[in-house]
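This document starts with one chain, in the form predicted alone, laid out as structure tokens.
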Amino acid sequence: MELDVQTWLKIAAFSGGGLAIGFGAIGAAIGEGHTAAKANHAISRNPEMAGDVFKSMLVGQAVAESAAIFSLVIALILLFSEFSATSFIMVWAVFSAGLCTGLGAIGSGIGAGYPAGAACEGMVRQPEMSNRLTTNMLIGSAVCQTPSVFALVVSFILIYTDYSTKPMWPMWAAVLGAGLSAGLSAIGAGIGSGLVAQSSCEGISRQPKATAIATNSMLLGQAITQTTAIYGLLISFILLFKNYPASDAIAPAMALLGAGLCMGIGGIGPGIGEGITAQSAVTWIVRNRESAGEITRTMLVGMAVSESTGIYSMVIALILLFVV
């Protein structure tokens, strides 16, 4: 049975919408479950703080769920919008948009659960620091959401770009690669940032006088952890906005798709690895503030080495885009 563009658009939109919220629900559910588990543990240690812990749990879970809400928004747009297009590129674009925002929400949802859980446990250790812990949790959790925001931005660009003047080959591979690059690379950065924020909340609850240095070290570590997600966003933008000559050959299309996959998958490990490094650094900076400078230098060097693998992926992606 031969299908026209509009029929294929419906197929792509429905399947993309399902993937958006299907993948998007994974991270948020895990992060929220982690937060609730830590809240139960905290209440068992100090039942008198149950009210404050319960409120903190709900706030933390709400932040963790925001990435899933991004996915829900894209899913609803894909399901209920009337797409009008004459090019089959749009078919791949709407499918890629759902895949992008769904994958991009996984790491952010999981990562945001870590500081929320640590804040709940910290409140029962240091009740007088409850407000500061909540503030630190919100800052750390908000940073965890930035990779999913990158994926959301790419998804909107994919949906609302006019492809009528673009060649089907190899542009279909470019739009699919763009979604994979931004979506996959967001996973590591979201999880890694959550690990850093978790150690900061734990540090504040153990050493209240180290609040300032714990927050500053957290933000430094999270900023570096986010870089591979930025690489993924960069490759996505190049894939979407670069002009490609029409070609019936399969190799140029596979080069574009390969660039997106390369950067997306290559960004997962560095994001998590850098988060583990910064998590440890924040923990020990709080406990040994006199050695903060040396620990920070070690953290930065260690994160740079982890970052190098993400840079290798970006280099190969750029070669696929501009050289091959």
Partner chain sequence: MQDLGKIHQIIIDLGFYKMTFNVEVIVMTWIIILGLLFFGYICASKNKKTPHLFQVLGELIVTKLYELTEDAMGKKLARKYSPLIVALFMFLLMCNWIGMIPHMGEPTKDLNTPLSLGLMGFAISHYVGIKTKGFKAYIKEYFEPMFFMMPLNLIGELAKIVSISFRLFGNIMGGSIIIMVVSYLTYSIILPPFLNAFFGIFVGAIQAFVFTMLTIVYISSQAK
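Computed from a predicted structure; not experimentally measured. Residue numbers count along the first chain shown, from 1.
Not pictured, yet referred to below: the form predicted together with its partner chain.
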Contact check for 223, 311 and 314 against its partner chain in the model of the complex, heavy atom at 4.5 Å: yes
Contact of residue 95 with its partner chain in the model of the complex (heavy atom, 4.5 Å): no
Proximity of residue 11 to its partner chain in the model of the complex, heavy atoms at 4.5 Å: no
In the model of the complex, residue 237 touching its partner chain (heavy atom, 4.5 Å): yes
Any non-hydrogen atom of residue 233 within 4.5 angstroms of its partner chain in the model of the complex: yes
Of 157, 72, 176, 213, the one that lies within 4.5 Å of its partner chain in the model of the complex (heavy atoms): 157
Option touching its partner chain, based on a heavy atom within 4.5 Å in the model of the complex, out of 138, 79, 219, 85: 219
Partner-facing stretch of 29-37, 293-301, 46-54, 64-72, counted where any non-hydrogen atom is within 4.5 angstroms of its partner chain in the model of the complex: 293-301
